[in-house]
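Single chain ahead, written as structure tokens, the form predicted alone.
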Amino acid sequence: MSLQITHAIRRFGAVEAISDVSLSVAPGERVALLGHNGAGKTTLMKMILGLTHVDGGSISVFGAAPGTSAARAACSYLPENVAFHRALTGREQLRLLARLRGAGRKQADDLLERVDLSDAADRRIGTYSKGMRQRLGLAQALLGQPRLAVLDEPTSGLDPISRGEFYNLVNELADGGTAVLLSSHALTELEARTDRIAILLKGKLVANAPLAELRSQARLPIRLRVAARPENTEEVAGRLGGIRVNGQSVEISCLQGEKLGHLGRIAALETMIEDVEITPPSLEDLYRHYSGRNPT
């Protein structure tokens, strides 16, 4: 196992910021760590990196303790707010970091191109926008082919195109066997881009499973929206029940086990309807559920 966290505890005075958390990440797995501000995400990441100590339980990074030379060599880290020397150029900064990681100058230059900074590589970092600094931070996190990548709000400050390109890089890392643990408040972009969702609430792990399994456990309703032909709207609404939406559609809420029965009744009205849209609970719905807030 790349990362193994077993009953980890971290206290700050009388406050238990991380409480009995057990979590693992396998090689090539992409795990999203979610939680409200103050839930303990960044604290847990700092424990993994050896930047803050563990008060109870244990953390193992490829069999090594956090903060040891073996664990540091295996890990890369991208914080939410990266900080670089403003007087250095992007190329100078990345080449310096490449030397520290035991990587070559060519890899540094190739990464600048991969994160779309080759045109700005010889400009001083002090002239970079937040998004450009974040892309430079992503490049440094990829140096040396890390075996575990810990990414804290990695898409902060990135535009939609850059976000998509970032996740392409994450997929490349995972395909190459790198374990990825990332946190983000941008829930919609995580749904199809991670293998497992872990949710922290006040320092406790309240969910840890693939999205489909979380949906099954939560038993939240699925929404079926049936678009009726204009001349058949009244009859469709009468036969299916549900809620009328925008005059011409009927929306039905049901549990997973009831879905096929409703679809059978909808199929029987084939000549009266134009389309059916099936919407499962979103990651935002699930996050609200596991955080103790009902979906809207």
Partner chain sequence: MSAVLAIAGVELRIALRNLWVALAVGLMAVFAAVLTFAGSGPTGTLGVDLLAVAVASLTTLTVYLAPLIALLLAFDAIAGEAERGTLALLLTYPVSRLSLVAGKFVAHLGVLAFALAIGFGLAGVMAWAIGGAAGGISPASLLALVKLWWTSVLLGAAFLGFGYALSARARQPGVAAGLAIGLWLVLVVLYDLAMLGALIADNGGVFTRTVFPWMLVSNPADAFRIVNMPAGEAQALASGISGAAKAVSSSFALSALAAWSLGALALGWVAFRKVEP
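Worth saying up front: this structure is predicted, and the values here are computed from it rather than measured. Positions refer to the first chain, counted from 1.
Form predicted together with its partner chain: not shown, discussed below.
With the partner removed from view, the residue among 124, 185, 114, 225 that has a non-hydrogen atom within 4.5 Å of its partner chain in the predicted complex turns out to be 124. Contact with its partner chain in the predicted complex, defined as a heavy atom within 4.5 Å, holds for exactly one of 211, 206, 158, 97, namely 97. In the predicted complex, every residue of the candidate spot (88, 101 and 140) has a heavy atom lying within 4.5 Å of its partner chain.
When its partner chain is considered in the predicted complex, residue 46 lines it closely, a heavy atom lying within 4.5 Å. Interface residue remark: residue 52 is counted as part of the site for its partner chain in the predicted complex, having a heavy atom within 4.5 Å. Its partner chain is not shown here, but in the predicted complex it comes within 4.5 Å of a heavy atom of residue 82. In the predicted complex, no heavy atom of residue 128 sits within 4.5 Å of its partner chain. The stretch in contact with its partner chain in the predicted complex, judged by heavy atoms within 4.5 Å, is 89-97, chosen from 170-178, 187-195, 215-223, 89-97.
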